[in-house]
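Next comes just one chain, in structure tokens: the form predicted on its own.
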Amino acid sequence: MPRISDASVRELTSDHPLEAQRVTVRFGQVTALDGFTASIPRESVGLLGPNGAGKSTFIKASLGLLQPEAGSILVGGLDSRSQSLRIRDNVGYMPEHDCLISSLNAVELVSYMAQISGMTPRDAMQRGHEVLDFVGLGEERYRLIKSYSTGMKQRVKLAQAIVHDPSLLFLDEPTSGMDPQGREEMLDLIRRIGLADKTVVVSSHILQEVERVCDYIVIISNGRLIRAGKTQSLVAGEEGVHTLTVRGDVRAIESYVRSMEEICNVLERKNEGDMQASLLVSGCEDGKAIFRLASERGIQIRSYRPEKLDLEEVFLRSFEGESKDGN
């Protein structure tokens, strides 16, 4: 990612450049954030939650665009209530909704946004050309934005968010409306930005994309933190739980499962056609017995490995826990 050396752009070097403590935001009778507390590390972070969970509200409150009723948000040690202008000098924001001036071309818009962030007109113009090349719009930079496709507009929104070389970047639904190839290219850009020692917060409902580009996950529901942690840790599954895939005829599989229930906890079973089943098991202290029983029942063991989830399963299980807790 192209960088600038303007001394006015201060890097947010804290290990946790964004911290929220008991933040509450209400819109009339609707509570968008309800005592929300989270500490965002200096990584690529996925901000997940259903529609109306409070993701966009958290981003806007962090930028000082909304004033919390209670609690505090520190961005690089700066308070979002009283120091929002200084925060915006060091933060980039790609909104979900269309925010572009359609009568301008891409260079005019992006360089204008750079000037708003404190750059001189000459430096802003040079920087505008650089970031438009970076996002893949170099050859289309002089076209009016109103003639752009949805995917091209997403690229311009990213360009204006990074034009001042921010250390913290908020991307709200960055692949919205893009075709498959455009989504792949946008995800590649996000990965490259994250590798440039930036804190990138990606708010998205497309979990597979978040899993691919984010090292840390924050899950929000009803304005509260539900779960947070390293992506690798979250998808690793529960300790001591294994996935066992077996193959054989229906009767042999049934007999094998009954025998397994005597030595393990069979947490889940999924039939994969007439000849194969996948079991989720725990408490299998005697691993040799698993294979011995398979041999005795005429069953083939295709795989036996520690449980590994995808982010969608992590997401759904997080809300199951919320329900059980009565929240």
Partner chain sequence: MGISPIQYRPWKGERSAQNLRVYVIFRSVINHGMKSPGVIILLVIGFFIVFAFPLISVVFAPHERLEASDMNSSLDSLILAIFALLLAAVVTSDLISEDLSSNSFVLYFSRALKSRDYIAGKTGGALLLMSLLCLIPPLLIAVTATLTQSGNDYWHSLTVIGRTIGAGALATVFYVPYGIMMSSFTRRKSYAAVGTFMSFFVLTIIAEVFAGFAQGWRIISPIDSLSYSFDWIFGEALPSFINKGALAALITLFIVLPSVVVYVKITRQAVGK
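Numbering follows the first chain given and starts at 1. Since the model is a prediction, treat every value here as computed from it, not as a measurement.
One more form of this protein, predicted in complex with the partner chain, exists but is not displayed; see below.
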Report summary line: Answer among 115-123, 219-227, 178-186, 248-256 for heavy atoms within 4.5 Å of the partner chain in the predicted bound form: the stretch 115-123
**Report entry** One residue of E130, E209, D172, E140 in contact with the partner chain, assessed in the predicted bound form (non-hydrogen atom, 4.5 angstroms)
**Finding:** E130
Report summary line: Students should find that, of D215, D89, D79, E238, the residue having a non-hydrogen atom no more than 4.5 angstroms from the partner chain in the predicted bound form is D89
Requested in this report: Evaluate L65 for contact with the partner chain in the predicted bound form, applying a 4.5 angstroms cut-off between non-hydrogen atoms, and reply yes or no.
Outcome: yes
Report task. Would you please decide whether I162 lies within 4.5 angstroms of the partner chain in the predicted bound form, comparing each non-hydrogen atom pair? Result -> yes
Report task. Indicate whether the partner chain has at least one heavy atom within 4.5 Å of a heavy atom of Y93 in the predicted bound form. Result -> yes
Query raised in the report: Taking heavy atoms only, is H205 within 4.5 angstroms of the partner chain in the predicted bound form?
Result: no
Query raised in the report: Which residues in 222-249 have a heavy atom within 4.5 Å of the partner chain in the predicted bound form?
Result: none
